[in-house]
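Shown here is one chain on its own, the form predicted on its own, set out as structure tokens.
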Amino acid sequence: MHETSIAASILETAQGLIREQGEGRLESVKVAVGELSAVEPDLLVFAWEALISGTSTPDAALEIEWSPAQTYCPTCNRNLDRARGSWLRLCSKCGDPVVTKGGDELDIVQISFIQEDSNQP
């Protein structure tokens, strides 16, 4: 399950950003996951929850922003409708080859944390 290593990298990146800002407690991370990224969102959340359970912020949430792929015909200048999981390589209207746009995202979109004052006793 490669989602575990991806979740670990997300956590490491978030914690690194927080350290750069001083001290703080991670609240949530929003991640864009594309349909073609070979990442299963439910497994990523499961791996995240397992990883953070042993940290100082076991309630930090991982939010998934799903990014579907689009099939586009440059000749007709239109996006094509398709059933989820099915891919046409030719335009159903003109028969020319189509291109796939998007859907390959795997990006950290937002990291939310509460900054803590390191000067407090």
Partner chain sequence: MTEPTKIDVKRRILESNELAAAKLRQGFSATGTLVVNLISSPGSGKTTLLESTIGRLSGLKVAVLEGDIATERDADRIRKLGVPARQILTGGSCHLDARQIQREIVEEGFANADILFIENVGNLICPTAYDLGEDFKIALLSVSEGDDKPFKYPGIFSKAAVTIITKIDLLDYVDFDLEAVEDQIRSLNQRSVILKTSARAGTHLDEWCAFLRSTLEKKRGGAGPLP
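Keep in mind the model is a prediction, meaning the values are calculated, not measured. The term rigid core refers to the most C-alpha atoms you can superpose between the two forms while keeping them within 1.5 Å. Numbering follows the first chain given and starts at 1.
This protein has a second form, the form predicted together with its partner chain, left out of what is shown; the following refers to that one.
In summary, among the residues Leu36, Leu51, Ala61, Cys91, the only one with a non-hydrogen atom within 4.5 Å of its partner chain in the model of the complex is Leu36. At a distance threshold of 4.5 angstroms between non-hydrogen atoms, Gln15 is out of contact with its partner chain in the model of the complex.
Its partner chain in the model of the complex is approached by Val31, whose closest heavy atom lies within 4.5 angstroms of it. Contact residues in stretch 92 to 109 (any heavy atom within 4.5 Å of its partner chain, taken in the model of the complex) are Val98, Val99, Thr100, Asp104, Glu105, Leu106, Asp107, Ile108, Val109.
Fitting the two forms on the rigid core leaves the C-alpha of Asp96 displaced by at least 2 angstroms between this form and the one not shown.
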